[in-house]
Structures are given as C-alpha cells and as structure tokens.
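Here you'll find one protein chain in two forms, each presented separately as structure tokens under the names structure 1 and structure 2.
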Structure 1
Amino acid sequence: MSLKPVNGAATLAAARRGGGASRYATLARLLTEEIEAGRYKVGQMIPTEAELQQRFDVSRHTVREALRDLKSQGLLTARAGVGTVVRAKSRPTRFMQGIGTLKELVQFVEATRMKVVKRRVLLADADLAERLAVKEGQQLHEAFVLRFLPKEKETVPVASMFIYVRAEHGGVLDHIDKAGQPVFSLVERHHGVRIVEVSQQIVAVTLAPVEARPLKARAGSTALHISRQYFDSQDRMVMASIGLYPSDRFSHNTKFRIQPPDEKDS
C-alpha cells in the first residue's frame, strides 16, 4: 500500500473500510508498511506522537497503542533523549526467549572451539546496519571465525561465522580463541553488560563458492544460515553473529512442552 503523508486520515479510513480492525491496529499496520517500504530506515526517527496524531487525525491513545504494538514486534525502540527509532525493517523472528534455550546455546558453544581467521574494524553500510539492527555508519569490530569440534583436527569446520561487536567492546575478540565461552558472555564479564534479549533467524541456503571454500564444503551444497542479535537492557545491539552451518555437519533441534489447558477454561 502506498502512503501519502498529506492524506494520512483518508488513508487510515480507507484501510479500515470493510474490516473489523481497531484504529490503533490499522495505524500499526500502516506504519509497518511504511517501514518495510523503506520510508523510515533502520536507526531513523519516526514522526513524534503529535505529528502522527495530526497526520492520521487520531487520538494520542491510538498513536501510543500503535507504537506499543510495533515495539513489541521489534520494529521500533524508544531511545532516551532521542525519540522512537526504527529498530528493524521487518518483524524479527525470535526463538531464544527462554533461559532454557539460551543455556542450550551456551552448551553448544562450549562443546566447540573457535579459530579466528581474520579481523577488521569497519563502518556498517546500509545493508549490514539493517541486518544487525544498528545505525548506518556505526563502527563495529568484525571477526571471521571457523568453529571446530574440540577433538577433531583442524581440517573440517562445522561452521563459519562473522562476529560483530560494538567498538567499545572490541577487546573481547582477543580472547575468543581460548576462552571456551560464548562471545556475549565475554562482553558481559569484561564490560558489565547484561544481555536481556536474543533475536535469531534460521534460513536454508546453498553455499556460494566463496562461502564453501573455508568450510571445505562443496559449492551449491545446502547449509543453515543462522543470524543472531544480542540486545542489552537499553535495547542496544551489543553483539551479532552471522553463521553458516553445512547441513551434513549440523542440525538444529528444538523441544517444546505443551501445557494442557486449565480445567477451569474447558
């Protein structure tokens, strides 16, 4: 849907016509479409509550409920002294919300070892900023690592990974070869940061030649592309990783426990 800034009220009315959605839900959907269309980019401020009220001719309560909805979906975040900014272009997929699955991640990391292949300092371009949920132009420290099983010879990695940390935490990359701990744990320990949320996305891909080579895998073979972003209590991206896991060397298993309905609800 194409949105015109001068006729927001008419757009909102048209979007609601024939549907049962509330005004705030409709407004949340329209703002989501604007974000996904690139009108508001990651790291950019969206209009103030007052400006949105005037544009769409809605109450302050409607605007606040719509923004709360988008924040809960991970599209927006409130930054003290700045305002409400775009955190992601599309709804992030969250798998690791419980401490149980986070422990499973720690166990996996501790069961493997990492070898740093190369490191560099860079400024996030538009594409990387969107993937990592940071501002375009933000300085990051990057490490490209290979992950091996601890008792295996360094011949066939189980994964390759790009790891990104904020500039002020770049020193932790000096320790990841021998620490035997997840990088986010090193950031927490060395910098007093507490990770409160992890966003994860898993996609099946085929390996390009440049990706397959360090993994000693066949170009065109399948792999899992796993990206994670780690956020602190201020909703800042503290660390991120983008990994490739060849399908013949790695599998991702998840167990869910179904809670029976309460007898009072039956």
Structure 2
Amino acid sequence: MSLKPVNGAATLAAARRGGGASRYATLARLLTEEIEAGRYKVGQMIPTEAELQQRFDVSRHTVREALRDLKSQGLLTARAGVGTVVRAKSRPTRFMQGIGTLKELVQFVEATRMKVVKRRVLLADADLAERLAVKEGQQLHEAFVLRFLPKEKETVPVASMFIYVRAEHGGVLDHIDKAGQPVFSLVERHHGVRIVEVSQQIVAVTLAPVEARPLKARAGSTALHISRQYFDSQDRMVMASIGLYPSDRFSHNTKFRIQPPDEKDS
C-alpha cells in the first residue's frame, strides 16, 4: 500500500511486483535473477556497491542489505579492497539444522520413566539384520522396555520399544532404567564410543493384539512405528531401537532451521 514514489528510482520500482517486497529484497531478487541468467558468471565480479547504488538509485545501505542476503546464501563472496565475486550460480542445497531433534529425544527420555520388561541375548537373523543394519549372525543384546510418564503412577505406557546393543556393550542395559538418560549417551559414556549418525524410519501401523497388550491399548488402534539406528564414526551400528508410539499418546514433532552458511569467511 501507500508506496511513496521515489524520485528516479524507476529501475527498482519497475521490477517490483506486488508492493509487498522491500527495496533490498527486490534488489536481491533482481541480482539473483541476473546471476542465474548468466549476466554475471561464476568467478566474475559484480559491479561495486557504489555502481549498484547509482544504477538502482538507492542508498548504499540498501545495496549492502541486498548483497548481504546473497552472501548469506552463498551466491556471493566479498573481499575488502577487491570486490564482490559470484561464487555460485544458484543456491546450493541448503542444510537444515534440526533444533529440537536431539533435544526432543533427550527431553522425551528425561520426561519418561523406563521399565525393563524383558531381556535376552540373540543372534540377528536375516530379517533383524536388515532392519538394524547389522550383519547377519551378529550377537545382540535386546531389552523390551515400556516408557511411562513419571508423574502418574503406573498408568498406561506412552510407548513400548525394543532396544538393541552390540554384545560387547550389553552391560548398559543394566542401567537404562535407573539413569534418566538416553540410552545412546549411556553407551557413549560407558564404552567410549561416539555416536555420529542416527537414521530414523517412521511408519504408521495398527497395533496387533500382541503389541497392544503391553501398551494397554486397543488392538487395531493406530501407532507410530519408529526405528532408529545409531552409528559410530566407522559406520558401525552401535545401538538401535524399534518403538511403538500409540497415536493418542504421542506425536512426532521436529523443527528445522535452515543453516546460514557461516558468514565472513572462505
């Protein structure tokens, strides 16, 4: 709305579609388009700030805001005394930083009480090996646990899960119900391994009677089936879990923040 006509700013004003965008945003998009169109090629320098300022009849500040945007997207690199160079033709696939992903895991386990129902040692058959990303025949320790909300006394569990660790780490399963800590950090602390990667698969399922019973849920009701595999730096599976989370008691929330390429370097 009330967009006051700027004297001589015809260049930017013309390119501004839909009054919503600010000048620097408009300029940023314009430059992006020019870069993508090949007017400024990768490795080449774009006009100086002063030149852009004149060309679009805006203040230097506005130019810098626009350039800052493109720099933060990795399209441009600026060096004092030299100029501003095109680094990439288009924005590379951006990384996402999961805020709340690890935190959420930690909070979940910290907010719940774990009860070990059953334990056993087994050798991974073909099916399990596939699902846990280990070799067939690998010796594993398994624990079947239930998670409860700590406040309420012994009501319905929030989730049930199978936890698997390699035979050499089997000891940690003795402590998982005491320490109010994620199992993977227990493994890390007790055995000096360092989890570097986590893989996760989520499927929707309906509970079979055998699965529903320990959860005190109705057979046939829906649940999230979440399996996770934890790997160390050599890509060995260190730990895995397969859990069932009834829909009426649990929803899986994640928040991603696009990672800004660290400024002022490279």
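Since the model is a prediction, treat every value here as computed from it, not as a measurement. If you superpose the two forms and keep the largest set of C-alpha atoms that fall within 1.5 Å, you have the rigid core. For residue numbers, the reference is structure 1: its sequence is counted from 1.
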| query | finding |
| --- | --- |
| Selected structure - the one that is the form predicted on its own | 1 |
| Core-aligned C-alpha movement of residue 62 between structures 1 and 2, 2 Å or more | yes |
| Residue shift check between structures 1 and 2, rigid core fit, residue 74 Cα at least 2 Å | yes |
| C-alpha of residue 232 off by 2 Å or more between structures 1 and 2 on rigid core | no |
| Inter-form CA displacement between structures 1 and 2 at residue 40 - rigid core frame, Å | 47.7 |
